[in-house]
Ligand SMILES: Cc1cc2nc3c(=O)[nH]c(=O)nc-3n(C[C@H](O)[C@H](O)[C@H](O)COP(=O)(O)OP(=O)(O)OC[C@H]3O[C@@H](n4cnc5c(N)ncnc54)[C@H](O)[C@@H]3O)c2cc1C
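So this first bit is one chain, no partners, the form predicted alone, shown in structure tokens.
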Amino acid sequence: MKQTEFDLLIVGGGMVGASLAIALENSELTIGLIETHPLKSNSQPSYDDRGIALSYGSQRIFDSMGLWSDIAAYATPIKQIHISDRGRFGVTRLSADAEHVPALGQVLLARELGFQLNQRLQQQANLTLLCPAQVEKLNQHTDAVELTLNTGQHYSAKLVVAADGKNSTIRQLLGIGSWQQQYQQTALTANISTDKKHQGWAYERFTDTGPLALLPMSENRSSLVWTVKTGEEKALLALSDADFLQRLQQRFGYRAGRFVRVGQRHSHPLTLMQADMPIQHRIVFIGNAAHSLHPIAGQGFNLGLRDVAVLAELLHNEHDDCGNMQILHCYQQWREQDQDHVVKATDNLVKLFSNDIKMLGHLRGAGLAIMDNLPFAKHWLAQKSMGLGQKQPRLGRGMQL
């Protein structure tokens, strides 16, 4: 049985897995990337492509990796964020100018970001692309992990990084459980156009069925995430475009202007997931394979990219044995607080704002109004939303590995 050996095997070539491979391009590690789909895509972006929000901290990570100059042309900056509670008087506004940053975040099409990452992967000297392929078997040995693919090929590595998403195959093969919070909520997503320019404004509007978010995109579009009680999405998906826009207008109001166009609508149920044991013998879980979030604060991919930045820093100079347990423990200790904080904060936000208790609603509105008049409180919230509220790895501080 022929077996190819690597220092590092990354399972999952999505945005998190691809980012980790690129972050390690200047290391001496030999890397294999296993992905179920081909990584080349020549299709052109359409009106309906999904938008993804990058925090300012994520922008800095990509900049340190030498990627931001290629990505920037496709990104739309978030200049200001408006946070409100439907039917209540209080609002909180965050501003890039007040935080002395060029933008609080950036929004671009997931396809365009993926294309830039894939272009870079094709040029990476220490990387072997193993796709399309899927892991079918996994065996942990003392000094390596052996993977068997559906292509019949066998590969071994000193370390396996599972970046294969919420329904991680590696997690299933190991029989690892997870903590999950079922919200009985469904996210309805679409791209929206308004009759006035968005001018870089992002909106987070809390309602009794869940948050409603608009993120500024190119061509004066906005990316919509509308959270509803599970079951209600069916009627909204069945509406004509005109009726859907009217219903959305009633729910959101006219602060962003009049909604004039909607693209394809999609929906998916919302849960919070955190893997029970994100490090195993010579295996580590990152991104959505380790933690999958409610979109209320837009932190999902950003949390995964911080996983990448820390793990890449710890692995970069480990030429002898990148899978030793000391490295994995260091990774867990570094990342545990940030991951737990974001998971708990996301869960608490959903529970606090997704209800119609009258007194609590008044308290929420008062809280938003008070925060808007407390610069130190707004600065704290902005730091959290920009992904800067924790110990920063080298890539997050603008330093190359």
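When you see a residue number, it is the position in the sequence shown, counting from 1. Here the structure is a predicted model, which means the values were calculated and not measured.
Just so you know, the form predicted together with this ligand exists too; it's not on screen, but the next bit is about it.
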Query raised in the report: Okay, which stretch from 90 to 98, 132 to 140, 191 to 199, 119 to 127 lines this ligand in the predicted bound form, with non-hydrogen atoms inside 4.5 Å?
Result: 132 to 140
**Report entry** Answer option from P211, G105, G287, P216, heavy atom within 4.5 Å of this ligand in the predicted bound form
**Finding:** G287
Requested in this report: Sort through L67, I31, I52, V350 and report the residue having a heavy atom within 4.5 Å of this ligand in the predicted bound form.
Outcome: I52
Query raised in the report: Does this ligand get within 4.5 angstroms of any non-hydrogen atom of F301 in the predicted bound form?
Result: yes
Query raised in the report: Might A23 be said to contact this ligand in the predicted bound form, defining contact as any heavy atom within 4.5 Å?
Result: no
Query raised in the report: Is M386 close enough to this ligand in the predicted bound form to count, meaning some heavy atom within 4.5 Å?
Result: no
Requested in this report: With heavy atoms only and a cut-off of 4.5 Å, decide whether M273 touches this ligand in the predicted bound form.
Outcome: no
